[in-house]
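Below you'll find only one chain, the form predicted alone, shown as structure tokens.
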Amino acid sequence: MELNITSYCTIKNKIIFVNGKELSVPKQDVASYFFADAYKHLEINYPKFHKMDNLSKLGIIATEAALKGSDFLQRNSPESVAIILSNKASSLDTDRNYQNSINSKDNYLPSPATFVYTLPNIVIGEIAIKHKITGENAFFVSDGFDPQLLVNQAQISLNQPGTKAAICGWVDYDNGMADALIYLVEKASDSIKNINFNPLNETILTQFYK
């Protein structure tokens, strides 16, 4: 089975690249400003975005950038698309924020809005809800970017009946550091013959992530 990457986005040092080309998003050191500017630049219409934690915002921004200008969701029905993501920090950044809301005995105020994001796979849920994707999904936590894991999981997923494509990648946010690689994977077919694509393999993912 031949799998191809038909579009990808990388985010490093709060700079967004789509298929290797930098987007003209204003450079911001503060994560909240970066996410707000990226949201406007990509013309995302999803009010819930502003209530999300930073990990979910990063996942949404990277996914929207990879999808922008692509017919990926037109070629593949929502039930045939899988989502496979990974990172190293899990939801630690949000976990700290929630812990801060319950630390003080005198000002004990647990935040349900923060608590709901204290699992890393919530970012998958946000992507799936926005695009009504109902295919299988999985989130993995590893010590570092693991291209072999991501390739293997995509191959396993797309070998399943009914799965034709996948949104895959690395989405990691911790202490203000946003690090992401999102790529769209599709089976070889006549519908993507005229698209500039890369074969899915560990070497390609390593090159993209650098």
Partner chain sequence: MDALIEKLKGQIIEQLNLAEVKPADINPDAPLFGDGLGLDSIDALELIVLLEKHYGIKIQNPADGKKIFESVRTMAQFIKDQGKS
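In this text the structure is predicted, and so the values were computed from the model without any measurement. Residue numbers count along the first chain shown, from 1.
Just so you know, the form predicted together with the partner chain exists too; it's not on screen, but the next bit is about it.
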Hey, in the model of the complex, is residue 42 touching the partner chain, heavy atoms inside 4.5 Å? no
Given that the partner chain is not shown alongside this chain, does residue 111 nevertheless sit within 4.5 Å of it in the model of the complex, heavy atom to heavy atom? yes
So in the model of the complex, does residue 177 come within 4.5 Å of the partner chain, heavy atom to heavy atom? no
Is residue 27 close enough to the partner chain in the model of the complex to count, meaning some heavy atom within 4.5 Å? no
What residues of 10-33, in sequence order, lie within 4.5 Å of the partner chain in the model of the complex by heavy atom? 33
Working note: in the model of the complex the C-alpha atoms of residue 40 and residue 28, off by 3 Å or more, come closer
Once you compare with this form, do the C-alpha atoms of residue 29 and residue 40 lie closer or farther in the model of the complex, given a change of 3 Å or more? closer
